[in-house]
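The chain below stands alone, shown as structure tokens; this is the form predicted alone.
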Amino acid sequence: MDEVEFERVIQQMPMGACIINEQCIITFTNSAFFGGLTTRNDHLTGQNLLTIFAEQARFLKRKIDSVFVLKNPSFSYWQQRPHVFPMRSTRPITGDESQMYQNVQFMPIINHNGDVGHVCIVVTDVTAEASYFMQQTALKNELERDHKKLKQLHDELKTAQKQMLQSEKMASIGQLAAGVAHEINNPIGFVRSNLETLNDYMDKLIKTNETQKKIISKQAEPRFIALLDDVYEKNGIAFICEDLPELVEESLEGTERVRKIVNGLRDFASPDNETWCEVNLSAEIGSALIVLENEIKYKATTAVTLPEEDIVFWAKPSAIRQLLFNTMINALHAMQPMGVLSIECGYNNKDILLSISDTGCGIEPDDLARIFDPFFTTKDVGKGTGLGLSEVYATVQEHQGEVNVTSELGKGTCFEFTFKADLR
């Protein structure tokens, strides 16, 4: 093959070809290279490649120098540098001319002395392959995003299912608690009634005994009086008469305490969940504190400020109980022993203001905006579902109220609720 035929083959190649010497002067370009450029330049031959493509000069020089020094080919793939030369694609995907994605090879041309005299730069149009690759990558990324969303939804559904099962268990426990409370109230009722009767009998017996002792002391012979004193002393009658009223009083107080706890449990587990009626908020706060007493005594002291008159408003009793319970239990979980759980309630014109605050660890600023989101929790896995405060927010919305939360790290958190007193 002579030089003319060789050049004709090079000109007809579907790849751009450009030959430069050691000074980066262009000595040859084929029609694919020359015609593919997006900027017209009628006289490439004889010009400096680095001057014509100034934006890519640093990259081109590094590649070219490596070929001259190492005498080995160098490559540039489109994934690393998609547009080495400003060229139109020979196979535009959309039918319009688009910028070429290209692979570029820098090939050494060895002269008769065995040295690299020139470098041939070959530009291959890979726009179609690049487009397919990018489409596949985009599709893969989209599928991965969809998979991630589906996994998230699956996890949320599993959590919701667990919560539903837990709610069913709690509902069953609530019904059981209501039944147990009813069963306990009966024996506690007659125990208290018997203690009250016993208290009355005790008073009469003690008074009768004192009267008898006075009569015997005045009428009996000294030896009988001495014998009676000896019996009183041996049996500790004086101490019994002094201690017995206290024992009965403590027992009556104990039964009253049991009655309040049982009534609190019964009210909290009351099945009339969806009934709107007048709710005594003061009493509900007291019931919640009774139900949580065992939790409170190990975690906090309480500071409760309520007006003298009961606060009554139109609401769903069970929802308000759950709101109080969830907010208080969150406050207790946020505190180390022994913190302070503060509850204040009162009126502001026609609004009811309720404040529940703690001296706990506080809430991170970034988390504060998310605390009412379903399933959001900062507790360890297995210690919280992230639904307690979302239920609180739902109750506030249902009662056309407002809730404002302020928190300071290391100092505590305050939930401020506002309800309409005249809501009907």
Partner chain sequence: MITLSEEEQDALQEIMNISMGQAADALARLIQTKVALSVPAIEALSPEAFQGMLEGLKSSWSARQSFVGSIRGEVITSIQKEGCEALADIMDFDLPLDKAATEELVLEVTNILSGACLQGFTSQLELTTQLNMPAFYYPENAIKNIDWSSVLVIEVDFKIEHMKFDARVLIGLSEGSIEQALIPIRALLEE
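Residue numbers count along the first chain shown, from 1. Quick caveat, the model's predicted, so the values are computed rather than measured. Here, rigid core means the biggest group of C-alpha atoms that superpose within 1.5 Å across both forms.
Note that the form predicted together with the partner chain isn't included here; everything after this is about it.
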Quiz item: in the predicted bound form, do Thr27, Thr29 and Thr45 all put a heavy atom within 4.5 Å of the partner chain?
Solution: no
Quiz item: From the list Ser66, Gln397, Ser355, Thr38, which entry has a heavy atom within 4.5 Å of the partner chain in the predicted bound form?
Solution: Ser66
Quiz item: Which listed residue (Gly254, Pro86, Pro73, Gly189) meets the criterion of a heavy atom within 4.5 Å of the partner chain in the predicted bound form?
Solution: Pro73
Practice problem: Please name which of the stretches 328-336, 232-240, 77-85, 254-262 has residues with heavy atoms lying within 4.5 Å of the partner chain in the predicted bound form. | Solution: 77-85
Quiz prompt | Exercise: Phe53 in contact with the partner chain in the predicted bound form, heavy atom 4.5 Å | solution = no
Quiz item: Is Phe59 one of the residues lying within 4.5 Å of the partner chain in the predicted bound form, judged by heavy atom distances?
Solution: yes
Practice problem: Give a yes/no on whether Thr127 approaches the partner chain to within 4.5 Å in the predicted bound form, heavy atoms considered. | Solution: no
Exercise. Answer with yes or no whether Asn103 is in contact with the partner chain in the predicted bound form, where contact means some heavy atom within 4.5 Å.
Key: yes
Quiz item: Once the two forms are fit on the core, has Glu416 moved its CA by at least 2 Å between the shown form and the other one?
Solution: no
Quiz item: Comparing between the shown form and the other one on the rigid core: C-alpha of Asp115 shifted by 2 Å or more?
Solution: yes
Quiz item: Do you see a C-alpha shift of 2 Å or more at Asn294 between the shown form and the other one, with the core held fixed?
Solution: no
